[in-house]
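Consider the single chain below, provided in structure tokens and representing the form predicted alone.
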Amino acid sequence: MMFQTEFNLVGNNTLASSVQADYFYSFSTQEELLWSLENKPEKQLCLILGGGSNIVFTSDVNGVVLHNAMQGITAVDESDGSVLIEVAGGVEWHSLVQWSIQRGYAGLENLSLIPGTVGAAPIQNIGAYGVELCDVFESLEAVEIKTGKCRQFNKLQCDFAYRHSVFKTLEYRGKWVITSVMLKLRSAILNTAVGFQTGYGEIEAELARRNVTELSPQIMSDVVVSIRRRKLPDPADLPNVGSFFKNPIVSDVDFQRIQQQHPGMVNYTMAEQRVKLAAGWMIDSLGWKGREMDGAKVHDKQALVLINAGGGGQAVVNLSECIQKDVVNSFGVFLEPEPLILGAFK
């Protein structure tokens, strides 16, 4: 087991940023992870990398990159119409979704085709079409980088919120390696709409187009995959990190103000007198869709997707900042980036 030196990460991030890591090590077991933490170059920064689908590199990494390649999916317990499954952190997320659907388990179908690995999913609390990871989450195990100690986190300790978890806070960010995740899925599904989240216009329209009368995890997954493939470019063809901005959440009072000025504003009512605004609609309404700037481009079909058109991660960040300023000036709303943006490492 050896660290690779001067390792180019272009193949380890979906934005295809050609940046170099001083040291790179891919671990496939917890023992290999602990070895890497004990034997890494002294005082060198550790960056944990999964599928690289939610990260923007803007410079070289002057330190150690640890790549989580741990594999394995196990059904731990099945009873009372539900099943507990334990999934290693390096498993590709969509592979897990397919594995669960093939066995008749439900709960992950709306999260089909989301890029990345299972270990990264709780950090971001990934979500799509009305379902979030926290809806099926039970617990996770993680190793502390500083001490090598293993700890279990339950749902409450993870502090999940919209695209947020405790692992994005200053206290925990970059300090833990998630080695496995425990999920609770439904193991017996009746052929009814009960238990499936279909309350999104695109899903309803696709179900109608297919003349679907009976739902199943497979049908729901096929619908979501079809929608995502129409809207989102394959990173292998157009390097990107998926949706670049979070949908902003504002108070009902602020929403009323914004709606008076922009009556067509797409929105979703939430609890506690809050409203989620459609970031893509705002960007599109300002004419950004399809625009290119210094080696970065807004996707032609989805304004939330920013593409590396040759300028690398920094060019994408520069483009995102121009969009942010335009949205603030026009709507009075700040768009928070969804991926982790990594600048100069010291």
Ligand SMILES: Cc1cc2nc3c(=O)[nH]c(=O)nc-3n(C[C@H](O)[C@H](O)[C@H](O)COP(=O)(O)OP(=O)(O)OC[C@H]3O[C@@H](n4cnc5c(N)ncnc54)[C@H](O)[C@@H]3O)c2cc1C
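What you see is a predicted model; the values in this text were computed from it and never measured. Residue positions are given as counts along the sequence shown, with the first one as 1.
Below, we turn to the form predicted together with the ligand, even though it does not appear here.
Using a 4.5 angstroms limit between non-hydrogen atoms, residue 165 is distant from the ligand in the predicted complex. Taking non-hydrogen atoms only, residue 196 never approaches the ligand to within 4.5 angstroms in the predicted complex.
In the predicted complex, residue 117 approaches the ligand with a heavy atom inside 4.5 Å. A residue is said to contact a partner when one of its heavy atoms sits within 4.5 Å of a partner heavy atom; residue 183 fails this definition for the ligand in the predicted complex, lying far away. 177 is the sole member of 108, 85, 215, 177 with a non-hydrogen atom lying within 4.5 angstroms of the ligand in the predicted complex. This chain appears without its partner; in the predicted complex, the one residue of 250, 225, 150, 128 with a heavy atom within 4.5 Å of the ligand is 128. Annotated contacts: 14, 124 and 233 all touch the ligand in the predicted complex [non-hydrogen atom within 4.5 angstroms]. The candidate stretches are 151-159, 235-243, 72-80, 94-102, and the one lying within 4.5 Å of the ligand in the predicted complex by heavy atoms is 235-243.
Contacts to the ligand in the predicted complex (heavy atom within 4.5 Å) from stretch 38-54: 47, 48, 49, 50, 51, 52, 53, 54.
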